[in-house]
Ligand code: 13P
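Take a look at this single chain, the form predicted alone, given in structure tokens.
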């Protein structure tokens, strides 16, 4: 295909006008793909906004677990993805590893009926279903503290999957004790017991990066995502979800310098000046960047030709329990 970027954009815009579709783009997508989104946001925002949308097709530009979440919450909609790219964190846990984590807690002396699982939304639908079946729920980086506060009222041990950093950071914020399965001993003493998963992009940021920017620009603010290492978050001026980071930075005075620890595409479009990436390495999510304008165009063409590609399908049992886990979060 030899179309220029502008030609592809024009063709995509034309197809969107003629088809009963809504294009959804996550904040971490390439700029040119993000610009084509009718709905943009972080993972929870996108799932909620698509529930209010009445198009026959949702064309989701993001990673696979996000498209699954939209399908789970909107079973009647047809959800297609230009690329069903994996999320490295979501790939770190499956139903087998989930069951092994429950057994590890039982081995530590915690009865299964005293375990309340919470899964970060960055997990696949089959894992969300496992959590739903055990009475648990989903959380996001923006509402994790509130979800955990509600869960603790049940007087159970919390199994937090798959992101150990988010679990540890929330525990630190709340003055609770956390432990990581397979790393820490005596996990039964902890309030929040974390699975040993992580986001590879957010592990790129280091305390040396913070020290570098504080020395180079005295008075600079450091803002990071809670998927970063707890030691890094402890030294930051602000820790928040994608949407919270955007709000925090947009409300800073224009002359206030800020270094941001999250995915490059988002940081790059936050402000025109005085905004820096908190890393010497470009923190670009490789799977979020798999989706191209050409992929989006070909997906829309496939809908036009009544042969949609990369359609998200979920079996009935997974659909049922994953939806329950998501709805428990949304009810709170």
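Keep in mind that this is a model prediction, so the values were computed, not measured. Numbering follows the first chain given and starts at 1.
Separately, the form predicted in complex with the named molecule exists; it is not shown, and the next lines address it.
In the model of the complex, the named molecule sits within 4.5 Å of a heavy atom of residue 122. When the named molecule is considered in the model of the complex, residue 50 lies well away from it, no heavy atom lying within 4.5 Å. Residue contact check for residue 168: none of its heavy atoms lie within 4.5 Å of the named molecule in the model of the complex.
Looking at residue 84, you'd find every heavy atom of it more than 4.5 angstroms from the named molecule in the model of the complex. The partner is not drawn, yet in the model of the complex one stretch among 173 to 181, 103 to 111, 251 to 259, 221 to 229 has residues with heavy atoms inside 4.5 Å of the named molecule: 221 to 229. Checking 279, 265, 43, 291 for any heavy atom within 4.5 Å of the named molecule in the model of the complex turns up a single hit: 43.
Although the named molecule is not shown here, in the model of the complex the stretch 141 to 155 places heavy atoms of just one residue, 141, within 4.5 Å of it.
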